[in-house]
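Have a look below at one chain only, the form predicted alone, in structure tokens format.
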Amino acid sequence: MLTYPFSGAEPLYQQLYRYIRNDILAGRLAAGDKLPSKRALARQLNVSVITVETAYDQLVSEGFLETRPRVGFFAAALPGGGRAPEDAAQMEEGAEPAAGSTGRLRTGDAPQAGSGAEQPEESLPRPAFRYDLSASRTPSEIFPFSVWARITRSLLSEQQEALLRTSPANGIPELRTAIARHLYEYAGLRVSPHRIVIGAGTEYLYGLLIQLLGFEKTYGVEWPGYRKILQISESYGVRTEKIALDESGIRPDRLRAQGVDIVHLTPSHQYPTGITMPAARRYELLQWALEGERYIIEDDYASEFSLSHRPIEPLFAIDRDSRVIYLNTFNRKLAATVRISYMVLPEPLAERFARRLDFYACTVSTFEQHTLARFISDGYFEKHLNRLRTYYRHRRDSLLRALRESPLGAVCTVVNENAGLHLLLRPDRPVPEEAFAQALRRRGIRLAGLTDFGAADAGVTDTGPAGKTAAPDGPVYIVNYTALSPEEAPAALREVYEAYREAEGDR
């Protein structure tokens, strides 16, 4: 029976991959030994099937396991019988010190000094925060490593000339065509590939847009909102206005009053409030854009993560006058380190880009572009999105269930559970925010509030026609659940509750 001790020091699939790999290298799993099925091992180790599947896929892709149709997974025969784990650890730069007994530490086993056994969990390197509820990242166990590796190997052997060909400024045609097809099949958007521009992150693309649209323009950003967009605008020296939100998002009359020409919006899931802009406000904004040479930059960063309803139709889809620029990214769908984003320009701006900015080199490597193009065109991206939505829905529902069962649930109210990949939490009895923040830090917890995104800035508060503001009364906190596993949620919420009670005593 395979039994392994897991810690919180690294993703579970990486730990499982390493344990099995080292058991094969050390001969504890001999060539031809049959491993448990994915479901059986998941039950045995009390981990998800996805964790086992990802570890198995990686081991198969690296040649440590073999698959036999309708039979299962088997340890592969390695030339020379493999290497000892000490040597195996040196195969990877920066790998952890190998263990003389990497796996099967059973209850009662105690590592002895100098034995080379796994060190206790408390001696392993720990992250800066025990629980980072502000992090928004794709857990490594959900990344399609095996498919990505298989596509990469295929390209390296079949498309060598194409991989070494210089990419056009707006990205290789294969990727732009794949994105255009995805936009049509997923959101019903008909766009020509020549209107798509690929770049390393939406921040880079936003900088290109400032150059394309003009330094003399006045740029508007949602407030509270994504601070980096404000910082980019200010770094280019352009006039930038913070635009307050009401319960429907940005108000066009505020854009007029503050002299804005270009506005950056997140209408499907405004970050961080989670507001979904209603159709009436969307058409009001389109009318505002027609009153001069004005443009709307629609950042649709989380459109695929409408977990409780169908995806919201982009503002871009109802624009008939070429005033909306559509931005999206693969960072949230694959991983932040992938750094591939794209924008769809209206036809007049696509022509202007070709005339004025075609001298730029595309900031995404040709290798990555070809890999992503194949990943999309072969149908893997759609399957990955479906899997990702199911995965995140489970995480969100698990967090909400843990919150209901936690003492924190008795003193807090969930304000918006459909805000994208986070939810908003409001204490029923507000406590001093600084005292609460200090209590959280002492417990190794990172938790951001709306005030961290400028919600309390003087002069940037607003009410709509119904007298409602964008944010609820009192302090509101943002809980990202992408980096918090269902197993961790109860303990994390208990710690937040203890910090809350401590801050309440300091009132």
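Take the two forms, superpose them, and find the largest set of C-alpha atoms that agree within 1.5 Å; that set is the rigid core. The first residue of the shown sequence is 1; numbering continues from there. Note that the coordinates shown come from a computational prediction; the quantities given were computed from them, not determined experimentally.
In what follows, reference is made to the form predicted together with another copy of the chain, a form of this protein that is not presented.
Which residue, Q258, T240, T363, S406, is the contact with another copy of the chain in the predicted bound form, using a 4.5 Å heavy atom cutoff?
It is T363.
Identify, from the list Q287, S235, T413, N418, the residue with a heavy atom within 4.5 Å of another copy of the chain in the predicted bound form.
Looking at Q287, S235, T413, N418 one by one, just S235 meets the 4.5 Å heavy-atom criterion.
Is T67 a contact residue for another copy of the chain in the predicted bound form, using a 4.5 Å heavy atom cut-off?
T67 belongs to the contact set for another copy of the chain.
Does any heavy atom of Y13 come within 4.5 Å of a heavy atom of another copy of the chain in the predicted bound form?
So Y13 counts as contacting another copy of the chain.
Looking at the partner-bound form in the predicted bound form, is T138 within 4.5 Å of another copy of the chain by any heavy atom?
Contact with another copy of the chain, yes.
Using a 4.5 angstroms cut-off on non-hydrogen atoms, would K228 count as touching another copy of the chain in the predicted bound form?
Yes.
Which single stretch, out of 474-482, 47-55, 23-31, 445-453, brings residue heavy atoms within 4.5 Å of another copy of the chain in the predicted bound form?
Of the options given, it is 47-55.
Whether W148, L156 and E203 all lie within 4.5 angstroms of another copy of the chain in the predicted bound form by heavy atom
Verified in the predicted bound form; spot residues all in contact, yes.
Does I50 move its CA by 2 angstroms or more between this form and the one not shown when the core is aligned?
Indeed, I50 is displaced by 2 Å or more.
Core-aligned C-alpha movement of R446 between this form and the one not shown, 2 Å or more
Comparing forms between this form and the one not shown, the R446 CA shifts below 2 Å.
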